[in-house]
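Just one chain is shown here, as structure tokens, and it is the form predicted alone.
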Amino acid sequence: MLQVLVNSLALGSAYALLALGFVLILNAVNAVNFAQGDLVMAGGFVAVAFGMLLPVPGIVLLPLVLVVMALIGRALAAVAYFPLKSRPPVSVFISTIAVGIILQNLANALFGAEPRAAPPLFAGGLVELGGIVVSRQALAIIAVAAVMIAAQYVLFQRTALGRRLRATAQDREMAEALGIRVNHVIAATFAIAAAYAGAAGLLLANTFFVTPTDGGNYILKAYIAVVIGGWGSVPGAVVGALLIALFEVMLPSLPLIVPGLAGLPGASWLFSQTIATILLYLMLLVVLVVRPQGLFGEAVQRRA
């Protein structure tokens, strides 16, 4: 049971970084960045590239990945947002989709279509906790994601940059009237969101590998997490990401947790990844019908 929970938390922690970046841009510009999933993929391949050049653990590569992805995020803002900021939000939707396709094809041209693995955060292996053996990599993912989520909280709540970021997200016109350089703040938001996506890519690419077409799957996870947690809610994005991971890891593992379930007729089908995905989307539909504002209650109508 503990091992399954650790694996669920590890996957959910990586998804949380992806969803956080998604929400940051959503709040800053009132538009969805559909390239966020492809930024996770790009972060995975950046980690792979650095791993080929530097035979060091992933935790050493993490700062390099964050810097490169932050630069890519600023480039994304310059290409896909600022030229279109005065146009309807659908223009930004389409431009970010185009950037995502460019990233996919660029990754395919540089690395090929075969799955690649990034270096582990630390030396691989297992560790014993309370008599249960769990993956050292999973524990490291949880720890790194927790530190990054805490750093994001400190940045937004305890720093001048964070106050400017929050002011811009709440009322861009008022922030500009108060002298805040809104365009610089938005560019910083894109950089932070891309850096978090890149970190998620590094964390996921060791255990689950990375291919150029992974972005579509990740953007769906981010969207589901935000809808479940609350459209525009940062805590909701984290909770939604953890719930997704519980569905993906916990349900297929139930026969291992409760051995009697393995003997049920059709157990291999009932507790499969396919059924877990179906149940996840059914939960999404229930949330949309019963509580459309999400678990953390931000009004959907206020978002693009």
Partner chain sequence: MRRFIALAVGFLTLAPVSVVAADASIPVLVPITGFLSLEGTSQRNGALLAIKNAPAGVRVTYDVSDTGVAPETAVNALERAISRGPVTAVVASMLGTQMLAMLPVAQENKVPLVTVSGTASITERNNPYVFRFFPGDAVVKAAHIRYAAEELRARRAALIYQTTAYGQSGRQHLQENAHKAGIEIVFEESIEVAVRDMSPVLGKAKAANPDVLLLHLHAPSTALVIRQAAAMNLRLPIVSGSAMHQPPTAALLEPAELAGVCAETNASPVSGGTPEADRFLEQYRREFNAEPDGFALGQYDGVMMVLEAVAKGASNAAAVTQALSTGSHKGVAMTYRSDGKGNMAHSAVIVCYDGQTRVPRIAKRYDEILAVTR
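Residue numbers count along the first chain shown, from 1. From a predicted model like this one, the values you see are computed outputs, not experimental measurements.
From this point on, the text means the form predicted together with its partner chain, which you will not see here.
For the options 122, 82, 153, 209, the one in contact with its partner chain in the predicted complex, meaning a heavy atom within 4.5 Å, is 209. When its partner chain is considered in the predicted complex, only one residue from 177, 147, 160, 113 comes within 4.5 Å through any heavy atom, namely 113. Here the marked residues 108, 126 and 256 all reach its partner chain in the predicted complex, each with a heavy atom within 4.5 angstroms. Between 245 to 253, 62 to 70, 49 to 57, 34 to 42, the stretch whose residues reach within 4.5 angstroms of its partner chain in the predicted complex through a non-hydrogen atom is 245 to 253.
Interface membership of residue 218, defined by any non-hydrogen atom within 4.5 Å of its partner chain in the predicted complex, is confirmed. Its partner chain is not shown here, and in the predicted complex it never comes within 4.5 Å of any heavy atom of residue 30.
A residue is said to contact a partner when one of its heavy atoms sits within 4.5 Å of a partner heavy atom; residue 213 meets this definition for its partner chain in the predicted complex. Contact check for residue 90: every heavy atom lies farther than 4.5 Å from its partner chain in the predicted complex.
Residues are counted as partner-facing when one of their heavy atoms sits within 4.5 Å of its partner chain in the predicted complex; in 266 to 289 these are 268, 271, 272, 273, 274, 277, in sequence order.
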